[in-house]
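The data below hold one chain only, encoded as structure tokens and taken in the form predicted alone.
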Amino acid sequence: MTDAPLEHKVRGVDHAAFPTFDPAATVRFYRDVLGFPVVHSICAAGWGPENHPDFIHFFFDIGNDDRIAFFYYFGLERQHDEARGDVYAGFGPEVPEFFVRSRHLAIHVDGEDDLLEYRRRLDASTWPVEMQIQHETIESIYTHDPNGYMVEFTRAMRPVTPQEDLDANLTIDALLDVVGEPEPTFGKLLARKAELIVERAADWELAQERTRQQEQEPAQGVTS
């Protein structure tokens, strides 16, 4: 069994930051289309080493005190010419499309009405929704921002259960065991996960029994 988890002290994302070579379109997309207000900016001249360009670092509020931010470096040319990817990283034709699309930012909304409202805003803009997908416990819409970054809006279709949290931890423990050995495969992952279920079943039963006893103790102490 693993040691007790470390105390969770963080409170979400302060900001995620990305470079942009088109600040005007970036502002139109995040502020004017999506409605994310500009909440902070930093103008830096003569910063850093001699070859460091002047830049502006600007931030949009994406809710819950979280922000998405961009760097615009004055005079800096685009860093690659690949047609696939984004302004940060380009990919040649030999790279699978699923790998190119794997890096993205997902923004949570409360429900279906909010998800459809963002779909309406995007579809009325230069950056319409490219996909709308239901997968497992969530529904999401996807588009690419002016910089080529994939952006996802997602809503939960139902709450995630404690059993699913337990399953997630089992899966990750099995994954770590499998990738530590030569030639990891999905089949080996499932086999190792099954082994962990058998190994930990007795401990789960004891934990459930303790919980049942604790729930019964107050009732036993009540007299009529």
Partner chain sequence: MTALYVLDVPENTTVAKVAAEDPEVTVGRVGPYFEITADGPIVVDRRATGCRHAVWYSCIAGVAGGRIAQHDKDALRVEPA
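Positions refer to the first chain, counted from 1. Under this definition, the rigid core comprises the largest set of C-alpha atoms superposing within 1.5 Å between the forms. Here the structure is a predicted model, which means the values were calculated and not measured.
What follows is about the form predicted together with its partner chain, which we do not show.
*Asks:* Kindly confirm or deny that Thr161, Leu166 and Leu190 each have some heavy atom within 4.5 angstroms of its partner chain in the predicted bound form.
*Replies:* Each of the three qualifies.
*Asks:* Would you mind picking the one in Asp123, Glu130, Asp110, Glu136 that has a heavy atom within 4.5 Å of its partner chain in the predicted bound form?
*Replies:* Partner contact (heavy atom, 4.5 Å) among the options: Glu136.
*Asks:* Given that its partner chain is left out here, which of Leu176, Val38, Cys43, Met157 has a heavy atom within 4.5 Å of it in the predicted bound form?
*Replies:* Among Leu176, Val38, Cys43, Met157, a heavy atom within 4.5 Å of its partner chain in the predicted bound form occurs only for Met157.
*Asks:* Going by heavy atoms within 4.5 Å, which of 167-175, 28-36, 46-54, 66-74 lines up against its partner chain in the predicted bound form?
*Replies:* Result for this chain: 167-175.
*Asks:* Can you check whether Asp14 is within 4.5 Å of its partner chain in the predicted bound form, heavy atom basis?
*Replies:* So Asp14 does not count as contacting its partner chain.
*Asks:* Given that its partner chain is not shown alongside this chain, does Glu205 nevertheless sit within 4.5 Å of it in the predicted bound form, heavy atom to heavy atom?
*Replies:* Flag for Glu205 set to yes.
*Asks:* Using the partner position in the predicted bound form, report whether Ala201 sits within 4.5 Å of its partner chain, counting heavy atoms only.
*Replies:* Answer yes; at least one heavy atom of Ala201 falls within 4.5 Å of its partner chain in the predicted bound form.
*Asks:* Is Ala16 among the residues whose Cα moves by 2 Å or more between this form and the one not shown after superposition of the rigid core?
*Replies:* No: Ala16 shifts by under 2 Å between this form and the one not shown.
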